[in-house]
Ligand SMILES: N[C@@H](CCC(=O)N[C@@H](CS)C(=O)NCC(=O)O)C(=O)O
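Just the one chain here, the form predicted on its own, laid out as structure tokens.
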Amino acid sequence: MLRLYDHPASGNCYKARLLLAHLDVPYERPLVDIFAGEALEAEHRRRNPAGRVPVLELEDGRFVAESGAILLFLSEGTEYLPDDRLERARVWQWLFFEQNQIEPSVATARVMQWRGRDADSPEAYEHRTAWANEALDSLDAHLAANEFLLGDTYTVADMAVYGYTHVAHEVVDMSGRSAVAAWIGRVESQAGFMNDLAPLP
């Protein structure tokens, strides 16, 4: 059986869990307490030298790390990853966008707020939220003309971007981004959708 080493409050881990739910694939979920430093311990670094979650352990004992790589691996041959070469490249485009724009801005701002660093380091926090606003404006502009990130097709790109975008309201004002709000609703209406993202502890 597959094993997903994860933490329930990690949006990156949630993305993998969401795809597994859509695919109705059984798996085990060993907890890696990232807030207690367990991801940096030698045992976990043998799974992923970068000391990050999620990590997917295959039935044969091999590992796949990083949420985007896990999504691509698990979606191969399914309806959630296109066969067409250009469409696949567009999936990668949005996975890269998410990890370079959404995750380091929204996710980092959420953790800073949780730890009180929004008050302790206001300039650093403002930098992250300004970055988030720019990224979310780009996303809203794209979604104003598209039902999903690849037009009318729901893919792992949507799952990846949804992971932290749906909690962006915790750190920035989302009231003016109607296209993003409508897209969130469409993602949440997909068959097999579930949201078990836990709050930061």
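Start at 1 and count along the sequence shown; that's the residue number. Just so it is clear, the structure is predicted and the values come from calculations on it, not from any experiment.
Omitted here: the form predicted together with this ligand. The next part is about that form.
Quiz item: Among 169 to 177, 49 to 57, 154 to 162, 138 to 146, which stretch has residues whose heavy atoms lie within 4.5 Å of this ligand in the model of the complex?
Solution: Correct option: 49 to 57.
Quiz item: Closest heavy atom of Leu40 to this ligand in the model of the complex, within 4.5 Å or not?
Solution: Contact check for Leu40: yes, within 4.5 Å of this ligand in the model of the complex.
Quiz prompt | Non-hydrogen atom contact Asp118 with this ligand in the model of the complex at 4.5 angstroms | solution = Outside the cut-off, so no.
Quiz item: Going by a heavy atom distance of 4.5 Å, is Gln101 a contact of this ligand in the model of the complex?
Solution: So Gln101 does not count as contacting this ligand.
Exercise. Evaluate Leu150 for contact with this ligand in the model of the complex, applying a 4.5 angstroms cut-off between non-hydrogen atoms, and reply yes or no.
Key: Flag for Leu150 set to no.
Quiz item: Are there residues in 70 to 94 with a heavy atom within 4.5 Å of this ligand in the model of the complex, and which are they, in order?
Solution: Stretch hits: zero.
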